[in-house]
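First, one chain by itself in structure tokens, the form predicted on its own.
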Amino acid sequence: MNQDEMKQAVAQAAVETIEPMLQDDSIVGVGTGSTANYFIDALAAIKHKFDGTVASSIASAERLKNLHIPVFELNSVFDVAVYVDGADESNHQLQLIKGGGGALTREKIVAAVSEQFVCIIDASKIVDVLGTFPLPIEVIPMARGHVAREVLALGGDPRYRQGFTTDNGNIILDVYQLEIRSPEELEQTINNITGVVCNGLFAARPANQVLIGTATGVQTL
């Protein structure tokens, strides 16, 4: 299988994984990105088995609506049964780097309120140590210089994501040259920098399951 076929296979596996978790009044959290798009398409086949969704981005909300899957504001629902999303990296402890698509803050919010978090990736995203993929940080625009200097002091190489604005109206700094051996500690340290909205480490709230699309089928961590 090529990479797209692996993404399709793992998206279908995610639908089969979450289906037993769903009831008529269940809400499904839906992430953002290419693998999440395959999940949205596969989710349409069982849309009669749950009440609706919350989406982590405007783009995902529009894709869901186009498939006639109800989309609710997170503030209007009581809880989220399961959240399904991709990742840019995952280690073997189910800790993730997310945010390559820029929706990290909304993704982290949906993950935080969800009972279960199922991450779907292809095999190229599994690493022993996080940090090969640059770590995204969502930043209030006026704090860009300050946050960049603080990240430099932590040993990272922050680069402004040119021409990109998040759905929240903020900017992204992508941090290179990090070898993240203590993900939860670094997540908290970066979040404590004044001007940071959120960073793309999902370590304090890791995934409950990671489904991995491989050339020989789907594996589970």
Ligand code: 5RP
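So that there is no doubt, residue numbering starts at 1 and follows the sequence shown. As the structure is a computational prediction, the values presented were derived from the model and not from experiment.
Quick note: we don't show the form predicted in complex with ribulose-5-phosphate, though the next part is all about it.
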{"item": "Clash check, ribulose-5-phosphate transplanted in the predicted complex by site C-alpha superposition, 2.4 Å backbone/C-beta", "value": "open"}
{"item": "Listed residue (L104, L130, V110, L135) with a non-hydrogen atom within 4.5 angstroms of ribulose-5-phosphate in the predicted complex", "value": "L104"}
{"item": "Proximity to ribulose-5-phosphate in the predicted complex (heavy atom, within 4.5 Å), stretch among 64-72, 182-190, 44-52, 29-37", "value": "29-37"}
{"item": "Contact of E150 with ribulose-5-phosphate in the predicted complex (heavy atom, 4.5 Å)", "value": "no"}
{"item": "ribulose-5-phosphate contact in the predicted complex: A87, any heavy atom under 4.5 Å", "value": "yes"}
{"item": "Heavy atom within 4.5 Å of ribulose-5-phosphate in the predicted complex - qualifying residues of 116-144", "value": "K125"}
